[in-house]
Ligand SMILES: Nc1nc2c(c(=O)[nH]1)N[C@H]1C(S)=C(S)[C@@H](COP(=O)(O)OP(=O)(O)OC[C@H]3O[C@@H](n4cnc5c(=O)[nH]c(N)nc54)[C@H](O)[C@@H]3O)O[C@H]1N2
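Form predicted alone, single chain, as C-alpha cells, below.
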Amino acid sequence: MAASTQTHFRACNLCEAICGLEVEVRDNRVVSIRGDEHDPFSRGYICPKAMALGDIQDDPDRLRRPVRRTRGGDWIEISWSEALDETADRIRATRAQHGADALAIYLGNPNVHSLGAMLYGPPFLRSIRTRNRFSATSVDQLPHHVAARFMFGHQLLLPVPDVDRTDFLLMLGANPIASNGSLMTAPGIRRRLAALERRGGRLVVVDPRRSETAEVAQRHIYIRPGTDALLLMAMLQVILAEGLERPGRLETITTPLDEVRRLSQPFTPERVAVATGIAAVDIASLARDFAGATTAACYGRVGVSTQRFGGLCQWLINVLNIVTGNLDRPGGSMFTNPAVDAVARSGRGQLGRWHSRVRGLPEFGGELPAAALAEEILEPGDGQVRALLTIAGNPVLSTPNGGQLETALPQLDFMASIDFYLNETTRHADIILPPTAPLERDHYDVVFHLLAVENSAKFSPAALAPPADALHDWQIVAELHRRLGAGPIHQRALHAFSRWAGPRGLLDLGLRFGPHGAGLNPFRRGLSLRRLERSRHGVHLGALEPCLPARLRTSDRRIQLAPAELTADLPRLRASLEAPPLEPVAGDLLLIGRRHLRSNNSWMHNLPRLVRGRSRCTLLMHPEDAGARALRNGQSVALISRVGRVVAPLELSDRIMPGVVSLPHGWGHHRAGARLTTAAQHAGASANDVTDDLVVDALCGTAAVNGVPVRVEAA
C-alpha cells in the first residue's frame, strides 16, 4: 500500500524573510517545497534557498551523532551521555583551574533562526557567567542595537522602513533583493519595490556598487566606502540650515534639535564632497528631496554597519527620520507590535561595562567584539581564553582575519561545538554535538516578527520526525546547563521549569501574555499556541501603527536625539575629513563585500542546487582599475591586505565605482580537515582572510569589514 503524502505549512527559517512554505512529506522524506500562497505575509513568494531545507535534511555530510576527535586527528562517534558528560567535565575543569573567563562562547547567526536556541540560549549564557562571549552580531548589526539603546531606551527597538506605504525610500549599503531584507523582514521585496514605483514613489540607493537593488531604483548614487556618516551629516546640515525640518508630533517627545543643529554645522556638502565622492550639489539635492517627500524612510544595513563609523551611521539614519517627521508614522520608519514581544522580556543593553583584556574593546549587551576573539586566545596571562564553545557558528570564515583565528584554535585546551557540520571552525573542536535539522524542529520566529514590515504570527510544527536518538539544540543546551549546575538557586529553578515546559510551553506563555494574547482566560479572544496551530497559514495582525511614546524605554519617555555616548565619536568623524590618501603599501583600493540570493554566509555552500552554475566568488573591479594594473577579465588575481592574501578570478564590471573592489563573504572552503564535499568543490576565497581584525568601529567595536585597504595584482 502506497504511503500517503502529508502537507505541512511552515515558515522558512534559512533567512530573515520567513517566507511561508508548503512542504509535502512522504515516508518522513521531503517530496516537494513550494511557496504557500495563503500565507498572509509572504503570499506565495519563496527564493531558491527554501528548496535547500530538504537538501540540508538529506546532506550526507551532516552529522547525526556526537563525534570526538582522536589524537591522530580522526573522528569517532560516541554516545550522547559520553559527549555531554565529557564536554561539561572539561568546561568545569577549565573554569576551576583558570577562572570563569577562561571559557569563551561564540554564537553564529543560525541561532536567531531557531526557536529552541532563542529560548534556551540566553539563560544558559547568563548561568555560565563568562565575560568572553562573542557572536556574529559584532560583524553585522551591532550599530543598530547601540543606536537604539541610547536613543529609544532598548537595544531591540529597531525601526523598520514602512516600504509598502512610503513615497521615498532611501537605502544606504543595503541590497534586499539579494538578502531578502535584513533587519527589514519583507518577503517578496522585489514586488514591494515595484509597487512603490507604480504608486509614484521613489527608491534611491547609495552604494559603491550598482547592486541588484540599485538596478531597480529610480536613482543610484556611488559613494566611497566608509564615508556614509559624512553624507548623512551633510544631509542633516542642509535640512537644518535651510529650515526644512518638520518633526511634527515627534517634537513633543524628543529632546531639542539644537544640539544636532550645532553638531552638523561643520559638515557642509562642500566639505564632505571630496571624501564621499558625491558632488555637493547632489548631496544638497538628495537632502531636499528627502525632506520634501510626503512620506520618506531612510534605511541602512550591512554596508553602513560594518565600517569604521557604523555606530554613527545608524544614529544619523534615525536622526534623519526624526527631524523630517518620518519616524513612527505610516510611510516612514516604524516599530512593530509583535505577538511575542522580546522588548518586554529582554535586557535593554549596556555599553562598556567591561572591556576585552588585550585591546580594551567595549562590551555591549554582555558580548565583546568578535574581532577580539583570536587575540584573547593567543595572548598569555591572567584571563586568557583556554576553552571555547561555539554554537552554530563558523568564525574562521565569518570574522576578520580568519587566518589568525585558524592559528589560535588549535592552541586551546578544549573546544566543543554544537553544530551539524564539520566545517572550517568545528574541525578544530574536540567534541561536536550535532542538533536536529531545521525541518525536524518546531519553529516560531521570535526575532524576525520583531523586524517585519507587517505584524503577523506563524507557528511551524516539525515537518519530519527526528531519529529516536537525536537531540534538538535546546535539549543539548539544557543538558549542558544541568550538568554544569551553574547559577543561583532561582536560576536553577527557572531552568528546571523551562526544561519541563519545553519550547512549546514557553512560546505559549509568550503569545498569551503578548500584546495580542489571550492571557489565561479561556473565554478571551486572542493569540495562544493552540490558535496558531489551528491557523496553519499564519495570522495577519495588521499594518504597522504609531506607538510612541508608549513603546519608548528611556527614563523620561523621550527620544534622545543626541546621546552623549554617540556624539562623543564625532571628533573622529571630523578627523576623517583630513585623512591622507591611502598609502600604496597599505593598498590603493578599498574592499567591500556582497551577497547573492542563493548564498547565506558560509553554511549553505554544501548544497548542490545553491552553488551550481558559474562561480559567484569573483573579485569585482572597474575596467579603469584593471587597465591601470594590466589585468584582464577572468584571470586569477591576488588580493592583498595587511593581514593576508587570497586568490580569486577577476570579474570586470562598470557597476562598481573606480577605486573599489568587491569579494563576497562566506567562501574559503579549501581548508583541510573540513567535511564539506560540495563546498570544497566550489571553495572560493575567504574575504575574511584579508579583512583586518585591528580595524573596528571605535564606538562599539564592530568589525570594519567594508572599506578595507587592499592591493590587487596578477597571481
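Since we're looking at a predicted model, the values are computed, not measured. The first residue of the sequence shown is number 1, and the count goes up from there.
Missing here is the form predicted in complex with the ligand; even so, the following discussion is about that form.
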item: Tyr106, Pro225 and Tyr421 all contacting the ligand in the model of the complex, non-hydrogen atom within 4.5 Å; value: yes
item: Partner contact for Pro435 in the model of the complex: the ligand, 4.5 angstroms, heavy atom; value: yes
item: Contact test in the model of the complex: Arg671 vs the ligand, heavy atoms, 4.5 Å; value: no
item: Contact flag, Pro143 vs the ligand in the model of the complex, heavy atom cut 4.5 Å; value: no
item: Proximity of His622 to the ligand in the model of the complex, heavy atoms at 4.5 Å; value: no
item: Answer option from Ser179, Thr324, Thr336, Thr87, heavy atom within 4.5 Å of the ligand in the model of the complex; value: Ser179
item: Candidate from Leu597, Ala344, Ala543, Val216 lying within 4.5 Å of the ligand in the model of the complex - any heavy atom; value: Leu597
item: Options 262 to 270, 533 to 541, 134 to 142, 379 to 387; stretch whose heavy atom lies within 4.5 Å of the ligand in the model of the complex; value: 134 to 142
item: Contact set, 687 to 715 vs the ligand in the model of the complex - heavy atom within 4.5 angstroms; value: Ala687, Asn688, Thr691, Val705, Asn706
